[in-house]
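One chain comes next, on its own, written out as structure tokens in the form predicted on its own.
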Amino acid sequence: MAFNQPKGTHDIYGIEAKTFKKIEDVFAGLAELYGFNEMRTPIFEATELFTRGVGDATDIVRKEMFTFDDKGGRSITLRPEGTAGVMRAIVSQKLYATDDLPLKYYYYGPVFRYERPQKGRYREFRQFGVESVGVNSPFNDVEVVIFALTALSYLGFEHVQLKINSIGGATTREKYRTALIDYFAHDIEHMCEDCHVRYEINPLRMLDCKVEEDQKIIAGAPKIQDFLTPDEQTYFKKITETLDSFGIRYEIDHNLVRGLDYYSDFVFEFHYISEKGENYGAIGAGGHYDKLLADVGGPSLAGVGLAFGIERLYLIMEDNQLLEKEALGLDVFVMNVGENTVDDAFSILTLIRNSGFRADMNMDKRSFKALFKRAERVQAKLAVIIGDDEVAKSVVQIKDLHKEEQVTVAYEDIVAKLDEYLSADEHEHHHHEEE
């Protein structure tokens, strides 16, 4: 019987796996530079963590969670996002009991949402995020924005549009909620089913509706900026002034509310437009929160976080030729031909690997022609050739597969010669990039 992968999942290998690792390494490496430490939380948590933390009015909780009862009758959910698990860990491990605030963590790994699979959107996908908890400061918020823009630039994203908004605190949002209920009361019967539910539970979610006919109604809705307190206006103004001081361009989007209920005050999204003008929409997002830690049983500490979907970033990189195809190639392919060469060839292969070079060889007997074809398929830069004559003399032939140059090298000089070749190749590669 043949098995296919479950609907909404995909196998990751080859250049895609390489690129996933590169994306994760770029984000993780930069996060470390910004003082974030890694946190790994369980893939499943108590369902109530997400209903309380993410919000029972969100599409994630209402429609998309993978929830089941375990053998003890407890309701368990595969994590649909990463933030709630980090907050739970901070509370359960009492990490907040420190004078060294903010607590700064980054995470990455699989998350699960039961939604309609489509290109770049899966039911299991990988997410990278950061959380900074314990300080209520506009600079804390701007820090994560700069982190994200820097990481995207390292990956080759050159046309990122930052959209921002302030959605105020709890009191402001309650007043705004009442105003939205009054405004939408006349038109709710003409709006989509999701908006009917959002109208009853959290009318701010209606601003995020993607239905075209509903958007025409939403366009005339009251703006939350008219309800912000003077302190909230000052907070948001400090954020825009700080972004301005760094020359970071942004657009204030009054309908930006984000899809998670725990956000307050500052929210933001990163949109990508390709050089050809194709708008990919939001590729990552985040925001400030005041009550999230308290909602999951901890103290009332403010924080800010963001997240990116790795699959979505990969799709855009693939569409816009931002992938490094040569990343799959080997440094060295060892070719052994003859009756008594495999022992020496395998020892040399191990020596090369232990010296930090990416290398492989055929363990079975192949002709020279077949070995060269294999070296070409694995995109090897150099070939180390060893036959019966070479074994007798304790030498190998090192061949540059791009320049067709070949030299004889003693066993003890192999690593030094490989280093010489590959260092020169790397220098030449960077020189061409600079040109």
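None of these values were measured; they are calculated from a predicted model. Counting begins at 1, following the sequence as shown.
Heads up, the form predicted together with adenosine-5'-triphosphate isn't pictured, but that's what we're talking about next.
Note on contacts: among A285, I90, V133, V142, the single residue with a heavy atom within 4.5 Å of adenosine-5'-triphosphate in the model of the complex is A285. Interface residue among P110, G298, G338, G120 relative to adenosine-5'-triphosphate in the model of the complex, by the heavy atom within 4.5 Å criterion: G120. Although the partner is absent here, Q127 lies within 4.5 Å of adenosine-5'-triphosphate in the model of the complex, judged by heavy atoms. Taking non-hydrogen atoms only, A302 never approaches adenosine-5'-triphosphate to within 4.5 angstroms in the model of the complex. Proximity of P138 to adenosine-5'-triphosphate in the model of the complex falls outside the 4.5 Å heavy atom cutoff.
Among residues of the shown chain, R312 is one whose heavy atoms approach adenosine-5'-triphosphate to within 4.5 Å in the model of the complex. Stretch-level contact analysis of 92-100, 302-310, 219-227, 168-176 against adenosine-5'-triphosphate in the model of the complex, using heavy atoms and a 4.5 Å limit, identifies 302-310. Shown without its partner, the chain has no residue in segment 380-403 with a non-hydrogen atom within 4.5 angstroms of adenosine-5'-triphosphate in the model of the complex.
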